[in-house]
Ligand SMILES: NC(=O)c1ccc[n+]([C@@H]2O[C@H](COP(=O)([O-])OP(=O)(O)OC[C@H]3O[C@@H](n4cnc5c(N)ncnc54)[C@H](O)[C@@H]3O)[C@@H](O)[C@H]2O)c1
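Let's start with one chain on its own, the form predicted alone, as structure tokens.
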Amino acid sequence: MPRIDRRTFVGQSLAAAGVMTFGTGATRPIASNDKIGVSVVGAGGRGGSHINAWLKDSRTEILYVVDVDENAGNRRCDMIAGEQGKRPTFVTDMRRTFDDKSVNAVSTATPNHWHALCGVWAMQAGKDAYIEKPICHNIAEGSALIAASKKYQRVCQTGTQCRSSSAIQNAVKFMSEGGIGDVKFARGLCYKRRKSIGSLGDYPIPGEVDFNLWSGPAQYSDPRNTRGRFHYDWHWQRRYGNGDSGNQGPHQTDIARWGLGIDSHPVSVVSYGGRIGYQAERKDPNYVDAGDTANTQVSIYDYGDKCIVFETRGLEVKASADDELNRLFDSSKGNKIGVVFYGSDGFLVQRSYTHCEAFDKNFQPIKTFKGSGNHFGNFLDVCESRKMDDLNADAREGHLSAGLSHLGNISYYLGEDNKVSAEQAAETLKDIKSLDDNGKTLGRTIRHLEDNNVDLSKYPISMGPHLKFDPNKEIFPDSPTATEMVTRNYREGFACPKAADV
């Protein structure tokens, strides 16, 4: 039998799938030099990581860099030219690259509100897509990405790179074989210092930025920038970002789901917290931070027989507020980012992307797991093989993990004006089913705020409603208001299609 090279194999696979490119109606070919032609959308910090990954892999050639900031985009192009010997084309509108038949893959590192639409457009154009976490800005967008990947037979990898870490793969296998006994509960942590992003105001938009394209799917009544640092602090404004629940959170909730063997949405959620503490920090009781996502938040996700809790702390983390967690993490370090699995025979802790450790019930270490992986390489492997089952973090995995942040934020946003005392919060949580000790977790959270000089009588926490969720229909059966928040209102020309319409 004659040998079929990669170019012929992929071309035949696409022809069989009937894949059409965006705007042109032509099938997607492989680049003439037999390299995978890549368009990198987003030239910021994470975009730089994408660029470095493609430059290190001999299978790829970066053909385009896309960014609404001309200065940032051209700087990246100049750097790439020096590395790969050919300068990529710079454009401000990603749609120009989707019409180019030589582009095989789109690598997306935009702000969160652009992730899903960029991915859907790319796959409709016959391109494979690598999309940073969170894969979507809301729940409906995640379903649209799953549908697009299936309909157009496109590879869609989520940027939750822990899925390709040998340390975490082996730790999950260890748990699945009973290494710490029966495991039904996991706690994700993002104890990461986040200082105020500055006061809410009216700041000039950088002159080199096309704000219309930057805004894309997000609504705006007039072209205003209300934060001082334009290019990063969108994370803490809900119109564009999802707070640390949706920034760091998808890494940890993804690992928690994976380790617990959960392959669905939860059946209920409740979230509490607030964006508080900056008044004490600034010594100004009237200070209003430009962010509107929580900097302190606890979300409880019930799956019936299993449970995940995710905790976000943006203020300074002191060891005294963490009790037994100090025995599982290094108590000399305030920041704690990771996952704790609670088994009948012990604990397993994910400390970093490349390090996990198992403990017995007496907190004595019993096994260590170390090792990294190549998440970008896994994406390229599947782009070549078309064996979708080999993908480590497909659209569905990304959707379920990002969905946890969205569900938690929906509860929090709906309860934002429901200010409660610590005693009232404890009374509410007492009646909510959870495999966690809700009262103990609340107590640690309150102590953390008090350690940061938060006067809870003046700045109380917000308690979100306990919401039932239908994992299959992706609606809140008892709350039409919450169900409306499963999607968003889009600007004309930038609407992310529903799953049924991709």
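The first residue of the sequence shown is number 1, and the count goes up from there. Quantities reported herein were computed from a predicted structural model and do not represent experimental measurements.
Not on display, but discussed next: the form predicted in complex with this ligand.
Q: Even though this ligand is not shown here, does Gly44 get within 4.5 Å of it in the predicted complex, heavy atoms only?
A: Contact check for Gly44: yes, within 4.5 Å of this ligand in the predicted complex.
Q: Please determine whether Lys133 contacts this ligand in the predicted complex, using a 4.5 Å cut-off between heavy atoms.
A: Close contact exists here: in the predicted complex, Lys133 approaches this ligand to within 4.5 Å, heavy atoms only.
Q: Do Glu474 and this ligand come within 4.5 Å of each other in the predicted complex, heavy atoms counted?
A: Output for Glu474 is no: heavy atoms all beyond 4.5 Å of this ligand.
Q: Is there any non-hydrogen atom of Gly179 lying within 4.5 Å of this ligand in the predicted complex?
A: No.
Q: Is it the case in the predicted complex that Asp67, Ala72 and Leu213 each bring at least one heavy atom within 4.5 Å of this ligand?
A: Result yes, every residue of the spot touches this ligand.
Q: Among 157 to 165, 394 to 402, 97 to 105, 428 to 436, which stretch sits within 4.5 Å of this ligand in the predicted complex, heavy atoms only?
A: The contacting stretch is 157 to 165.
Q: Considering this ligand in the predicted complex, which of Phe310, Trp236, Tyr272, Trp114 comes within 4.5 Å of it through any heavy atom?
A: Filtering the options by heavy-atom distance leaves Trp114.
Q: Using heavy atoms only and a 4.5 Å cut-off, determine which of Tyr287, Tyr303, Tyr232, Phe185 is in contact with this ligand in the predicted complex.
A: It is Tyr232 that has a heavy atom within 4.5 Å of the partner.
Q: Which residues from 353 to 382 come close to this ligand in the predicted complex, meaning a heavy atom within 4.5 Å?
A: Sequence-ordered list is empty.
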